[in-house]
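A single chain comes next, written as structure tokens; it is the form predicted alone.
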Amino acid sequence: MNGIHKLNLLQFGLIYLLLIVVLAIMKKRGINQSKLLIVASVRMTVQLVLAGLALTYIFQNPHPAFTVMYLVLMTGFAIYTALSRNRGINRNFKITVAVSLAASGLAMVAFFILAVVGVNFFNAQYTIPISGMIMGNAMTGVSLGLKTFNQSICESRAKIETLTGIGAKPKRILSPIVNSALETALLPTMNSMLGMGVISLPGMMTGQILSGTLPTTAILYQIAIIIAICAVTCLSVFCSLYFGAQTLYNKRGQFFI
């Protein structure tokens, strides 16, 4: 199989014309998010260009320290992004989310690299891109789970006060809210799994095929990474919400919401 066809700057620049279509539709329909789209597009471009330059240097100058530094930066940014989208939680809840996201994500990365792929953990060619997929999806899941949890808490405030007044245990009151938020966070991943291979060819598989990898090998990697993503999303969201919910009340069963 041939290697991937390289794009020149002119060919690459054509893709930005599609943003004009999006902006035109948004303006026509009165959707006031044009600034956000432009900022997001510019930010995405800058971040990916910088990531590309950094990865090129790391791959050409392999060293365990570079891999560790990139993982730390990636994990820290994932935690920051997840928490910045959910500012209305207390300090202990934030610490719980940070620990849950970092521990679940890094443990899944280590398992995938060492057990499933079977290469050195500090092999940047495998560890960094796989970590990006795992940590990125964990971050998205936690953000969605926290948003759903916070909305449910706000909507159920009167119900929570009533149940507390009749002696219901806080853990029992919050358990259905945690379960609902966890389900919401898992749905996007499970829905994508349902149509994978028929409706869509996922990114990792597509990238490997374009680079010349045999489709059968690409399929094995894609199945493995999707299952890992599902597992890390479940673990990170569950730990964040289950243990985070316990910071909303004290030992006497009094809520701080």
Partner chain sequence: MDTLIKTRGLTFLDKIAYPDMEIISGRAAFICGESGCGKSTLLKLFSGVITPSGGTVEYLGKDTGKYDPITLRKEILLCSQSVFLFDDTVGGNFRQFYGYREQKAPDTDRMREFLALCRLEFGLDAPCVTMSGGERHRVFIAICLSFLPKVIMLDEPTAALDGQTADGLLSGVIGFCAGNGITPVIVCHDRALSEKYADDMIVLERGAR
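Residue numbers count along the first chain shown, from 1. As the structure is a computational prediction, the values presented were derived from the model and not from experiment.
The protein also exists as the form predicted in complex with its partner chain; that form is not presented, and the subsequent description refers to it.
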With the partner left out of view, is K159 within 4.5 angstroms of its partner chain in the model of the complex by any non-hydrogen atom?
yes
Is G88 close enough to touch its partner chain in the model of the complex, meaning at least one heavy atom pair within 4.5 Å?
no
Using heavy atoms and a 4.5 Å limit, would one call G132 a contact residue for its partner chain in the model of the complex?
no
So, in the model of the complex, is K6 in contact with its partner chain at a 4.5 angstroms heavy atom limit?
no
Which of 183-191, 70-78, 159-167, 114-122 lies within 4.5 Å of its partner chain in the model of the complex, heavy atoms considered? The stretch 159-167
What is the one choice in L144, L83, I173, I153 with a heavy atom within 4.5 Å of its partner chain in the model of the complex?
I173
Give, in sequence order, every residue of 29-57 that has a heavy atom within 4.5 Å of its partner chain in the model of the complex, or say none if there are no such residues.
none
